[in-house]
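Form predicted alone, single chain, as structure tokens, below.
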């Protein structure tokens, strides 16, 4: 029986069309990033003489080196804190049946409901009083608090789907709660940990408003702020702008590609659960 029907063909054409729509801006971005400014041909036309001069000029004139270091530092430390705190907090919340557990979980979930913009002014005043304005550690402190509710929600949902048999066996063997979590539960959390790592990394790396607010007036900046300033400085030179954008994309893309298999397994495990 031939299962390749007209409906299947139409669905394939639709998927190809959607893929082209999403791929077209990426093609223009990469195409112009490697094109010399003197080349005035159509952005759609394939660049005939690719050059790396745009990347070196963007790196030097936009000061992207320091911004890249700041973004890597803020993202790495923030995500590490978020994953550690969220996984440790989610374990008792998912396993305990006491009334306080549900109440605490709902209290943490308020962080997902309330927009952080409501606390922007009080948080700014707190960061100022702590003397952290203009420091990248103010961003680490902010993101460590902002991302915990969502990450805890992911961990709790995953933990509730895990059987208790392994923990009970570890308890019988004499393991305490922390030991059982470290050696039994934590390895089983790898799929959701990788998923949470990627989601938090993208969120922290791409944030523009918070670095602009807390680092304003200092010589510190992150990649989104640096690229935004680059646009204002070289508004007519789109080749340099696209080269700067491509530089800012590469680190996150590298993280995703290196963890691609684990990410797919994580989503597949969540669907099966």
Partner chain sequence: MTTDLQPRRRTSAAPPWWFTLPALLLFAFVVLVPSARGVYYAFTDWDGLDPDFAFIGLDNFTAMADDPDALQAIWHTLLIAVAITVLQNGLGLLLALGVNTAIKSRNLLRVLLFAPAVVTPIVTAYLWRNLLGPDGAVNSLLGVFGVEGRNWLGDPDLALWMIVLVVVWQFAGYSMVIFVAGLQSIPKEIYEAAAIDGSGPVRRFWSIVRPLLAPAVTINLMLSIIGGIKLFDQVYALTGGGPGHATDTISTLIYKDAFTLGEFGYSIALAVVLTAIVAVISAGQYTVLNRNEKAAS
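Numbering follows the first chain given and starts at 1. Computed from a prediction, not measured in an experiment: that's the story for all the values here. Whichever C-alpha set is largest while still superposing within 1.5 Å between the two forms counts as the rigid core.
The form predicted in complex with the partner chain exists for this protein as well; it is not shown, and the discussion that follows is about that form.
Undergrad: Consider the chain as shown here, without its partner, and state which of 157, 134, 191, 145 has a heavy atom within 4.5 Å of the partner chain in the predicted bound form.
TA: Checked against the cut-off, the match is 145.
Undergrad: Is residue 70 close enough to the partner chain in the predicted bound form to count, meaning some heavy atom within 4.5 Å?
TA: Residue 70: no, not in contact with the partner chain in the predicted bound form.
Undergrad: Check residue 220 for me: does it contact the partner chain in the predicted bound form (non-hydrogen atoms, 4.5 angstroms)?
TA: No, residue 220 is distant from the partner.
Undergrad: Should residue 37 be classed as touching the partner chain in the predicted bound form when contacts are defined as heavy atoms within 4.5 Å?
TA: Close contact is absent here: in the predicted bound form, residue 37 is far from the partner chain, nothing within 4.5 Å, heavy atoms only.
Undergrad: Give a yes/no on whether residue 130 approaches the partner chain to within 4.5 Å in the predicted bound form, heavy atoms considered.
TA: Close contact exists here: in the predicted bound form, residue 130 approaches the partner chain to within 4.5 Å, heavy atoms only.
Undergrad: Assess the spot marked by 8, 228 and 231: is the partner chain within 4.5 Å of a heavy atom from every one of these residues in the predicted bound form?
TA: Contact check passed for all of 8, 228 and 231.
Undergrad: Could you list which residues of 29 to 44 come within 4.5 Å of the partner chain in the predicted bound form, counting heavy atoms only?
TA: The stretch touches the partner through 29, 32, 42, 43, 44.
Undergrad: Does residue 220 move appreciably between the shown form and the other one, meaning a CA displacement of 2 Å or more on the superposed rigid core?
TA: The answer is no, as the C-alpha of residue 220 shifts between the shown form and the other one by less than 2 Å after core alignment.
Undergrad: How about residue 69 - superposed on the rigid core, does its CA move between the shown form and the other one by 2 Å or more?
TA: It does not reach a 2 Å shift.
Undergrad: 2 Å or more on the CA of residue 206 between the shown form and the other one, with the rigid core superposed, yes or no?
TA: No.
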